[in-house]
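The form predicted alone is given below as one chain in structure tokens.
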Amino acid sequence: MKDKIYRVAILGCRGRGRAAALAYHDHPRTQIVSLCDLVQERLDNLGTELDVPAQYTDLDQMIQENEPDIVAIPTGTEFHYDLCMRVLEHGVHIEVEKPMCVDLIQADAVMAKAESKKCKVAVHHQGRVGPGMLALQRAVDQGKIGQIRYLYGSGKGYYGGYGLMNIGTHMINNMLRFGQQCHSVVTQATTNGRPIQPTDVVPSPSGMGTIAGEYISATFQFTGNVTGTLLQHRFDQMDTSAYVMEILGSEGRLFWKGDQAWWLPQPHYLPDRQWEALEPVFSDDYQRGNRSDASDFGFVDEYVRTLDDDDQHQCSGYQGRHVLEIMMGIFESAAYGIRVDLPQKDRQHPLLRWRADRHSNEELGDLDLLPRDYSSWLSRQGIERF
């Protein structure tokens, strides 16, 4: 199996589809055999760029005629469930863009289908296997910070609930690499400076399900008495430099930002001690001249290892579902004002359940239809975007 070339089909040829395709194209153990999209121009552009003549607008026909080992599904979140179920019905392994679904009922169904078909599911949390994160892991393995005791992560300044579903899903998955399992969540979420109310429950931009909260501050209890904090706060101006993670240990600290990582050789910052840059760790087959992002390449490299060894991807569907459990736990804790133990017994979306609980006392009506575009969505909330 170590020399097998895995056949890959790309389902969705927009920005994230192109990024995934570049990684599969660059990897020496994968071959893109077909593309699928409903827009011919996207098929033409990506097909010409990567020299893939097999192009389809029907995914079932594509799978039947090309027999891929993996189908990548880099589409909008609201389409993930239907597309995952259709592909899995063919008995094909999948990778799906994050978050894997809009709620736990959908995620449970996808994983049940995958198990029945003996297929693997990977969720595209590429940062977890990127050069910076691998550098952190090596430092932890080398004992540079002693015992992990606290994890901190933040977002880019999107509206809190949207930031959670969009960027927070990555950060939570990164935290799970070091915290292993999240056992409980406690959250404070506010909108316009007050605790969220049922009227604040709205459809997310970009089709990411149901959200609430302009500012979200969540605390986690992980395995081994490790705690964590996640901030998803709306900024007046989006700030990608705020998208960082820090790991505090008994003997030192680690700091992550994209492909870069740093080490502070003591648990508390002092002015006379400086952060030391850590050498990024790249996949063995990654070439500096590759066109793909190193983290996307690392995700593909991990999938190849997974299939070679009949193992689970570090960003498996089980991990992706646990990320979704944590995000639903964040919403549930904020709505009901309680600590939420994981996994949840009630798999319904907690915000919709909360809203329904209040419906008998308040005439809330149906959720308003809102623009999918983030800028237009913000304007409907009375917020001017940056």
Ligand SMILES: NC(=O)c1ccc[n+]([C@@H]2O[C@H](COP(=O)([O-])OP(=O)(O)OC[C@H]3O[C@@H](n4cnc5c(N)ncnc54)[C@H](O)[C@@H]3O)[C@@H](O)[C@H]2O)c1
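Residue numbers here begin at 1 and follow the sequence given. Note that this is a predicted model, so its numbers are computed, not measured.
Heads up, the form predicted together with this ligand isn't pictured, but that's what we're talking about next.
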Legend entry - Arg177 within 4.5 Å of this ligand in the model of the complex, heavy atoms: no
Inset, instruction - Evaluate Gly15 for contact with this ligand in the model of the complex, applying a 4.5 angstroms cut-off between non-hydrogen atoms, and reply yes or no. - result: yes
Legend entry - 4.5 Å heavy atom contact, Val102 and this ligand in the model of the complex: no
Legend entry - 4.5 Å heavy atom contact, Gln126 to this ligand in the model of the complex: yes
Inset, instruction - Given that the partner is absent here, state which listed stretch (346-354, 34-42, 332-340, 63-71) has heavy atoms within 4.5 Å of this ligand in the model of the complex. - result: 34-42
Inset, instruction - Sort through Pro195, Gly146, Pro265, Gly76 and report the residue having a heavy atom within 4.5 Å of this ligand in the model of the complex. - result: Gly76
Legend entry - Answer option from Ala212, Leu254, Ala122, Met208, heavy atom within 4.5 Å of this ligand in the model of the complex: Met208
Inset, instruction - Please state whether every one of the three residues Leu83, Lys98 and His170 places a non-hydrogen atom within 4.5 angstroms of this ligand in the model of the complex. - result: yes
Inset, instruction - Just give me the residues of 261-283, first to last, that have a heavy atom within 4.5 Å of this ligand in the model of the complex. - result: none
